[in-house]
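Take a look at this single chain in structure tokens; it is the form predicted alone.
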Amino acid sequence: MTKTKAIENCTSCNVRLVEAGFTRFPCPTCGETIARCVKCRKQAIRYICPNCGYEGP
């Protein structure tokens, strides 16, 4: 099982993750932690894994 690290900022927009509704999940390719703020999740803003370059909606 992959453990996720505590990331403090959104992977897409770098905003601090303090608002309810943010999420953290492992990259589907390498397992690196991806973090998403509510705004980026709702608007389906693209994110790029900082470890392997995987791109997701």
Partner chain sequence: MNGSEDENSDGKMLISNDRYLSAGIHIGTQQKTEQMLRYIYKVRSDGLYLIDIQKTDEKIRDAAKFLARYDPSKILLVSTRQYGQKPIVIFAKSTGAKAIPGRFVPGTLTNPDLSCYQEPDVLIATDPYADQNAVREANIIGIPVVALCDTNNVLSNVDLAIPTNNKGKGSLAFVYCLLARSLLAEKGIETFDYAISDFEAGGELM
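Nothing here was measured: the structure is a model prediction, and the numbers come from that model. Positions refer to the first chain, counted from 1.
There is another form of this protein, the form predicted in complex with the partner chain, and it is not shown here; the text below is about that form.
A.B. asks: Quick one: does Ala44 come within 4.5 Å of the partner chain in the predicted complex, counting heavy atoms only?
C.D. replies: Flag for Ala44 set to yes.
A.B. asks: Considering non-hydrogen atoms and a 4.5 Å limit, does the partner chain approach Asn9 in the predicted complex?
C.D. replies: Because no heavy atom of Asn9 falls inside 4.5 Å of the partner chain in the predicted complex, the answer is no.
A.B. asks: Closest heavy atom of Val38 to the partner chain in the predicted complex, within 4.5 Å or not?
C.D. replies: Flag for Val38 set to yes.
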